[in-house]
Each structure stands twice: as structure tokens, then as C-alpha cells.
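Heads up, the chain below is alone and in the form predicted alone; it's given as C-alpha cells.
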Amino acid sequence: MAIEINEAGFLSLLQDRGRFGHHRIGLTTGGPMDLNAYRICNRLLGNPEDAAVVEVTLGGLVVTATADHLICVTGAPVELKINDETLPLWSCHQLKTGDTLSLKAGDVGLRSYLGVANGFDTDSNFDSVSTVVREKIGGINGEKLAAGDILNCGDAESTLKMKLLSEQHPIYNNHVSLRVIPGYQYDYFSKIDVKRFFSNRYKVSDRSDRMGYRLLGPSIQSKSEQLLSEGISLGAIQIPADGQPIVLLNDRQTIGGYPKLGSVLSLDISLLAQLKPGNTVEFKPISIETAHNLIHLNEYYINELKMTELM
């Protein structure tokens, strides 16, 4: 059972939950940029929590089924077509032998997730199939998907087609407010610079990618421009010498020495990762206790998703 790539679009990557426990040898995490969309995709399909999907950036993916599959597409509001029929996202659909599925990018959002029942079946590297092109690891030979690639799939034991109720669909916008947990280097920045950072909007640079989002706006200066290198967390907000913030994401380097204001709440990475160049962000500080509460509430949301059978 397999799906063949006809057109891979701008950037399509095989991703599972991510590659954990290997920072000590310089391997980054990878994994889905919009974690909630990824998790809901697998939940609708009845898949394991860490099943592999295809992360599609800016649409353009066209595939053909070589066997019958149950599929689901979540994430950015792309146009999903099977053959010539437009179908809803956040729902499971039957993809029959010879059918062609295509995704066309919309005006809002950046990344979509194509999953199949039982997930895509490929060899893992260091406990994950997540593709990190910079490290040439995961996926198919560590590369982004290309026309002619074959994605093997597990046997679909169920044809039950589920959908997520519309009131629980995530809403994507061209501007987001990101919650920030201040870090121990917070005091390396003056009160004026901190106020400037939290009082202004920043624009997403066209130099943004899965490694990090570079932002353009009021310059922030640190009392120390370079520190000893240390491990970097997901969402860390680095301030390099030019004063333009960089939010580090899934494919970030494992160590770095620029001063950091703090980290974007992990839940909000999904919102940031759906922004295109030119979209805008603003920041709001929160406590670590508030962050923990928000993460627990999100787990409740995921575990209590309201799904119904698609007729």
C-alpha cells in the first residue's frame, strides 16, 4: 500500500512527533511545526500519537494512491481536492486506488498536514522519521519529498470516517499574540528595551524557516552581545547583534551564545509557524505557573475533542 508523489510543492516533509534525546550529539528535534494540527490529524485517523504524516508548506502537493487509503488533512485552510471534488479539512476521506489528491494554498496559514490511517511507513533514524534537511536525516534519504517518491503506508484496518466539529477548528490569522516565559537572561536587557519589545509589533522576515523565525521591528539591545554557548530550547527568543529578535523553532541548532529574553510558550509555536513573511506578531509576558496551566488545558482540549462520524 503506497502513495506516489506527483508534485511535491514548495516544501513537503515527512514528520513524526520529533527526535528527542539526541541534542548531546548535535541532532535537533525536528517534528511538526503546528503540533496541535498534527495531533488532531492522527487523532481523527485513530493513529498512534507519534504516527508519521506529511507536512506541506504553501500547498502544491499532488499525490496518487496505489491502493485504498483513509486520509485526513488538517492545518492551514488549503483547498483539498480528491480528483475534481473539493472536500473539507479536519475530516477523514476515502482515497481509492488511482485517485489523485491535491492541496492548493490559501490566503491565511502556511502549513498543512496530510495523514493516512496507520501512518506512513518508513525507516527511522535515531528513533524518528522526522526530516531535518540541514542534517540530512529522516524522511527519504534526509531530503524533502520530490516527484516520483513513493510513501509506503500501513494497512488501513478501519474505514470509519471521522470529522472534527467546526466549533473546535483552530482559527488561523495573519497576526498573532505570542505568550513569553521570561528566562534567566531577562535582566541582561534594560527596562526600556524590555518595554519596547513587549509594546510593539514585529513583522515576519522572508528569511524565516523551520530553524527559526526572524522578526523585523524595533531594535532590542542586550548588555552582553555574546555569551558562552548553551543548550537552546524550543521557542527561545535570541537577540543577535543587530537587535532583531529570532524565535528558534523545531530545526534550531542545539547550542548558541546569543542572549535570550525568554521562550515563546510551546503552544504558541503552532500559531507562529502558520505565519507567512510579512505577517505580524506581538508578545505578552506570562509566568511559568500560567504556562503550566495553559499546557494542561490544551491537553484537556486534545483529549476531549468532539468528533463525529462523517456521513
Partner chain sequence: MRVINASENSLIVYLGEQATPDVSDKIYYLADELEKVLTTDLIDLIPSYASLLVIFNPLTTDHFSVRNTILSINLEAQSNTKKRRETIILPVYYDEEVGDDLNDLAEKKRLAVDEVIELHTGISYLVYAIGFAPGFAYLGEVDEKIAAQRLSTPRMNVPRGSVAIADRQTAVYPASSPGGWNLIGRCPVKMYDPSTPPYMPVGIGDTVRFEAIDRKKFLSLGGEI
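Positions refer to the first chain, counted from 1. The model shown is predicted, which means the values in this text are computed figures rather than measured ones.
The discussion below concerns the form predicted in complex with the partner chain, not included here.
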query	finding
The partner chain in the model of the complex: contacting segment from 65 to 73, 240 to 248, 274 to 282, 258 to 266, heavy atom within 4.5 Å	258 to 266
Site check 153, 165 and 306: each within 4.5 Å of the partner chain in the model of the complex by heavy atom	no
Position in contact with the partner chain when the complex is considered in the model of the complex, options 231, 142, 88, 98, heavy atoms within 4.5 Å	231
Residue among 181, 117, 80, 220 with a heavy atom within 4.5 Å of the partner chain in the model of the complex	181
Residue 295, heavy atom within 4.5 angstroms of the partner chain in the model of the complex	yes
Contact label in the model of the complex: residue 48 to the partner chain, heavy atom within 4.5 Å	no
4.5 Å heavy atom contact, residue 102 and the partner chain in the model of the complex	no
Non-hydrogen atom contact residue 254 with the partner chain in the model of the complex at 4.5 angstroms	yes
Within 20 to 37, the residues that have a heavy atom no more than 4.5 Å from the partner chain in the model of the complex	20, 21, 22, 23, 24, 25, 26, 27
